[in-house]
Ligand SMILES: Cc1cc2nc3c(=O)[nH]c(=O)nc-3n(C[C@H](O)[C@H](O)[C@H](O)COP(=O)(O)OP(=O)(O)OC[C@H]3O[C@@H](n4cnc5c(N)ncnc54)[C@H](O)[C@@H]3O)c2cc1C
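Quick heads-up: it's one chain on its own, the form predicted alone, in structure tokens.
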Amino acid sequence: MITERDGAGGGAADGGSSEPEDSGGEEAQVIVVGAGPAGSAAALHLARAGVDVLLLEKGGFPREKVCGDGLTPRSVHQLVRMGIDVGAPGWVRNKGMRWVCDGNEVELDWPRLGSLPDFGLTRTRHDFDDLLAAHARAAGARLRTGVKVTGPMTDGAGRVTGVTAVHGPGGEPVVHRAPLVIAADGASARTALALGLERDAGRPVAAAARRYYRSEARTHDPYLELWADLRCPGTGRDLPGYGWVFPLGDGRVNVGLGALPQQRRSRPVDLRQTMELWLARTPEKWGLREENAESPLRSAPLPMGLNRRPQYRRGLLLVGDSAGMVSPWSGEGIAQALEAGELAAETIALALARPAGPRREYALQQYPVELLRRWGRYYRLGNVAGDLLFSRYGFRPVLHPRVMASPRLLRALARLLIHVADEPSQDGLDAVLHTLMRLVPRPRR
């Protein structure tokens, strides 16, 4: 499961705090709350467009985040657009995915499409977020760490005018003012909640856990390995998700698993015990044993399926996990966070070119419209697949031996899971996937 983890403080659930008399803070055209992938991408693209942007992060860098550390070609594409040198030291390339199920293995190279790179990457979040934030700062964004946002600030009409925060060891209160705020504060989504943007309770929130191990046998594996036949302890049922082993190239691997709730009202899967049962099955030479562990097991929620709407309201735009942008197909979140950050920045830059008033507001309201145009049908179909298939039976039915024996079916599955296809269609698989998406009813805003 690949996903992002940003962080910012919470706020009152009464629609934000009213403007105080004295701020003592900074002013900007746009404030971005959270300097994870979504926030840093938004800040970088805004700064490049000439927008005065203030990027606020409650923690410092480098830092730990719960993540699979794996980046698909969609993520690589966005990194290249940001000007990141993906050939520099610290990046480890991979050729594709290796699926393991019921004793069978199959390797799927990343699709060779004209619109995306044909390789993926791994890099730990320990310095990945630091690198992205540094690029945003180099582009002109004002990065402030150690600033915990406590909520949005609104005027008498309920429109966002900035954020309240505390900073420094003593928690000094401060107000930062801006007519537009981007909430990139992760799964907690406290900034969004303060404006009454509630999560869709009908959409599940998955959970992921990961741990680092020393493993010379697997650290240079050219594929991201995924296991689809894991069992839950106690019940013996299939894990409603999958496990992963991602090579980091430095003597370590990232080992983890993610799972949907098996039923909406059921207890969460015990990820720790499930991982213990799984790793006991792995070959001894891999080294995935307690004595080789280099971190504690850490877990985090995965808000999926565009589960918070609308993604824009009264001067606040939501990106990344705060909007529930994790893919319901694969659990990937970083690519979506980076793409949404760029889209939010583009929307704002175009809106600010208009005079304040109805015309600017109309431009800002196009942000959720464009999100649904790009992702709506894909997410809607993924939500249905999650409800009817993945949450009940896991990935084992998808990787039936007949599917694993068919290169064509596997290529189609790979493109569907990671949401890659050329537009216009370049081959038959593209055409099939585009036709499938057109048959899905367009979701409502």
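Note that the structure is predicted; figures quoted are calculated from it, not measured. One rule holds for the numbers: they count along the sequence shown, beginning at 1.
What comes next is about the form predicted in complex with the named molecule, which is not displayed.
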Checklist entry - Does the named molecule come within 4.5 Å of any heavy atom of G376 in the predicted bound form? => result no
Checklist entry - How about V66: is it within 4.5 Å of the named molecule in the predicted bound form, going by heavy atoms? => result yes
Next on the checklist: Quick check on K58: any heavy atom within 4.5 Å of the named molecule in the predicted bound form?
Outcome noted: yes
Checklist entry - Any of the heavy atoms of P152 lying within 4.5 Å of the named molecule in the predicted bound form? => result no
Next on the checklist: Between the named molecule and G39, A300 and G331, in the predicted bound form, does every residue show a non-hydrogen atom at 4.5 Å or closer?
Outcome noted: yes
Next on the checklist: Given a 4.5 Å cut-off on heavy atoms, tell me which of 331-339, 305-313, 91-99, 367-375 is the interface stretch with the named molecule in the predicted bound form.
Outcome noted: 331-339
Checklist outcome for this item: Heavy atom within 4.5 Å of the named molecule in the predicted bound form, from candidates A133, L193, A209, V174, belongs to A209
Checklist outcome for this item: None of V147, L248, V76, L143 but one has a heavy atom within 4.5 Å of the named molecule in the predicted bound form; the exception is V147
